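What follows is one chain in structure tokens, specifically the form predicted alone.
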Amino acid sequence: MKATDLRGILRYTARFRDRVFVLNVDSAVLASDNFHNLLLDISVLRSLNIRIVLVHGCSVQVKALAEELKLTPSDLDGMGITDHATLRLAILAANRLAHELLEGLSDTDQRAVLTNAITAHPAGILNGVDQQFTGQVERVDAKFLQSLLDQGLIPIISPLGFDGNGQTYRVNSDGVALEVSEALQANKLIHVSTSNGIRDAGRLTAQFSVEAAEEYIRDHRANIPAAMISKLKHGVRACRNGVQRVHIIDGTKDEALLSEIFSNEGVGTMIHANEYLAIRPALKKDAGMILKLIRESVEAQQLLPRTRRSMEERIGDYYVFEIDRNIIGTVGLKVLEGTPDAVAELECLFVAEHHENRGIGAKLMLFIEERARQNGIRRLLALSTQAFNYFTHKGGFKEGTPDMLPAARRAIYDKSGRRSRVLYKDL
């Protein structure tokens, strides 16, 4: 690994540490030559204290077993009718895969546990047809899974569910991964498939909002493979129910998992929840409230003093975080002139004391970073006298020098006498 690659990964460690990632690995990926590389990538994630839950499919293995035993399965992916013979094939295939996963994770010095955390009930009769042993997820034992994660273990969840009488049902792994990610309020649900997601006119579509993903499904349903529609639809629901990001990557490609997580561009398709709904542009009438909000921080010399007039004149540069129509956070983005590259300053980042330690500051910081990218900004600066550790640990900023400031901003910096640390982040 290059030093630049390692530095790139380390920029994300504070953001992802102790967060839950649910990996839904397609059976074709488990049968591919990249299987062991994927397990190494999972080991990298665990080394960074990212909590992993591993859900897997088994349709490829069910098909292979059926051919080996000269049987005809009634269904392969747990979305159609599962007769008794096919259920037995699914149990055999799932057990074999679980063993291979335990074996492979052991080889990378990771500890894992095969779980029975999925309670299922029969899918029942659909359109007049009995689905027999096809099941639907009724409940996820989140407390049990959380206890395993707290012990540093990787829970492995097969595409099987169990009812209160000990009966086993075949369940679709996409549906299982969705329910698990919702129950654990996972930071990410990652579908590790054999495709990079959705390609539009030959170009990889990198990101979808929930609304854009729904529109894409509606407009292109006839041309999207059923397996991909499943992942998109489950991704939309996950984001609507608390999961921040859903990714679809090609797990047969080496380093795809790490490249998707630890780079701004990624390599697959991402569906994201609109977590900035509470953030809006500041209005002129908000100026007084913002000044009142930051007053104590200004007195403590944490933030630059501002007048109401100067705030109103530049109100278009500010954003506020609102809860129940109360402003509890603010941040600004000022484009700096006089530099060969597009440079902007993140300023006036503040969250009310009674709302601290809830991730609001990080959301405001990420929001400004995204706004800067949309505006073609190449470098984001932040000046701080007391919160520089927060910017470096939570935001991935690096310490620079005052020489990075354009002439006009440097003059203000020198005149203030605050001697703030100059931090920067290249976008």
Ligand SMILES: CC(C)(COP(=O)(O)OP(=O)(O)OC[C@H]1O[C@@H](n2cnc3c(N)ncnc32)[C@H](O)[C@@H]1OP(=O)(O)O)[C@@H](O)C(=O)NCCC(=O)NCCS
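Rigid core: the largest C-alpha set superposing within 1.5 Å between the two forms. Don't overthink the numbering: it's just position in the shown sequence, from 1. The shown structure was predicted, so the numbers you read here are calculated from the model rather than taken from an experiment.
The following text describes the form predicted together with the ligand, which does not appear among the structures shown.
Asks: Among 110-118, 215-223, 309-317, 342-350, which stretch has residues with heavy atoms no more than 4.5 Å from the ligand in the model of the complex?
Replies: Stretch with heavy atoms near the partner: 342-350.
Asks: Does at least one non-hydrogen atom of Ser74 fall within 4.5 angstroms of the ligand in the model of the complex?
Replies: No, Ser74 is distant from the partner.
Asks: Does the 4.5 Å heavy atom contact test between Asn357 and the ligand in the model of the complex come out positive?
Replies: Asn357 belongs to the contact set for the ligand.
Asks: According to a 4.5 angstroms non-hydrogen atom cut-off, is Ser384 in contact with the ligand in the model of the complex?
Replies: Result yes; Ser384 sits at the interface with the ligand in the model of the complex.
Asks: Is there a heavy atom of Lys394 lying 4.5 Å or less from a heavy atom of the ligand in the model of the complex?
Replies: Taking the distances in the model of the complex, the answer for Lys394 is yes, it comes within 4.5 Å of the ligand.
Asks: Which residue, Leu149, Ile156, Leu303, Ile327, is the contact with the ligand in the model of the complex, using a 4.5 Å heavy atom cutoff?
Replies: Checked against the cut-off, the match is Leu303.
Asks: Going by heavy atom distances of 4.5 angstroms or less, which of Thr194, Ser259, Ser297, Thr168 would be at the interface with the ligand in the model of the complex?
Replies: For this set of options, the contacting one is Ser297.
Asks: Has the Cα of Thr72 moved 2 Å or more between the shown form and the other one, judged after a core fit?
Replies: No: Thr72 shifts by under 2 Å between the shown form and the other one.
Asks: Align both forms on the core first, then report whether Arg88 has a C-alpha shift of 2 Å or more between the shown form and the other one.
Replies: Result for Arg88: no, shift under 2 Å.
Asks: Examine Tyr169 after superposing the rigid core and state whether its CA is displaced by 2 Å or more between the shown form and the other one.
Replies: No.
Asks: Your call: His247 and Arg358 CA atoms, closer or farther in the model of the complex versus the shown structure, by 3 Å or more?
Replies: Relative to the shown form, the pair is closer.
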